[in-house]
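Encoded as structure tokens, the following chain is the form predicted on its own, with no partner shown.
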């Protein structure tokens, strides 16, 4: 899995499937359901930390089968495997505003829907009209954007086994030049403030409103901390980078140390934004929905 994640970390998957189109994706999901085979949906792998033991499940990639992108007026219909930056750039070319925030967010639309990805004061909840989902019980159906129950860095997709297949986005007419200027500002800001070009999984912890995880982590002097080849970025304290051969265990070590120190000084419990995939370090089985953003494997207590 190290070859398929932005962290460049992770042991082997049991099987990797890359369906060719939406109908094939659905057929694969239905077959896996009928055979009661555990599975995990993977986009660009930009917001995950995969266990060193790998994933004892079938990994289904959306990179090829869910990359459709259509525009009609101010409406955009995009597959979950489409890169978020591609959606933003297409909107720019067509003079549609509303997706500027997404130009600096790596990953696919599917991952952005699951996490309600956002930046610069905007997020997916602001543009999503409806989502085509696959429900293991009800099959394929379209839900309203409000049914996705988007909240800060979470959605209903984290609470039940729905798979987002595509989404309809409603944008607004705008000046392509102004849209482009705003995107250029966002990209410049990202390059100044984040470790662009180094393997990482984006923000490690969620911001504990009204504070910021990066500020809290920097305040404890964590910038530069290392465990093996994993390091708390000197550029942004809420990023951990892989200097070459980092393991998931190394990242967990840093996350535990950070969380314990922040809790000890402030009483604030930082919640992981990066999603944990695979068995825990002790070998305990973690099913595909047992992801640690809800206090699952890896970080059970502030200083555990």
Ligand SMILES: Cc1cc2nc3c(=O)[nH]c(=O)nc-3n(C[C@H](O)[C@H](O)[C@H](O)COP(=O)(O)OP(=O)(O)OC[C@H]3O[C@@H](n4cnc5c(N)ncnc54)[C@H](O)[C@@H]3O)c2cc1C
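Positions refer to the first chain, counted from 1. Since this is a predicted model, take the numbers as computed values, not measurements.
Omitted from view is the form predicted in complex with this ligand, to which the following refers.
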With this ligand left out of view, which of 241, 42, 258, 252 would have a heavy atom within 4.5 Å of it in the model of the complex? 42
Please identify the residue among 112, 91, 230, 167 with any heavy atom within 4.5 Å of this ligand in the model of the complex. 112
Given that this ligand is not shown alongside this chain, does residue 214 nevertheless sit within 4.5 Å of it in the model of the complex, heavy atom to heavy atom? no
When the contact criterion is heavy atoms within 4.5 Å, does residue 205 count as touching this ligand in the model of the complex? no
Using a 4.5 Å heavy atom cut-off, state whether residue 76 contacts this ligand in the model of the complex. no
Residue 190 within 4.5 Å of this ligand in the model of the complex, heavy atoms: yes
Just one of 259-267, 30-38, 44-52, 242-250 has heavy atoms within 4.5 Å of this ligand in the model of the complex; which? 44-52
Looking at this ligand in the model of the complex, which residues in 157-173 have at least one heavy atom within 4.5 Å of it? 162, 163, 164
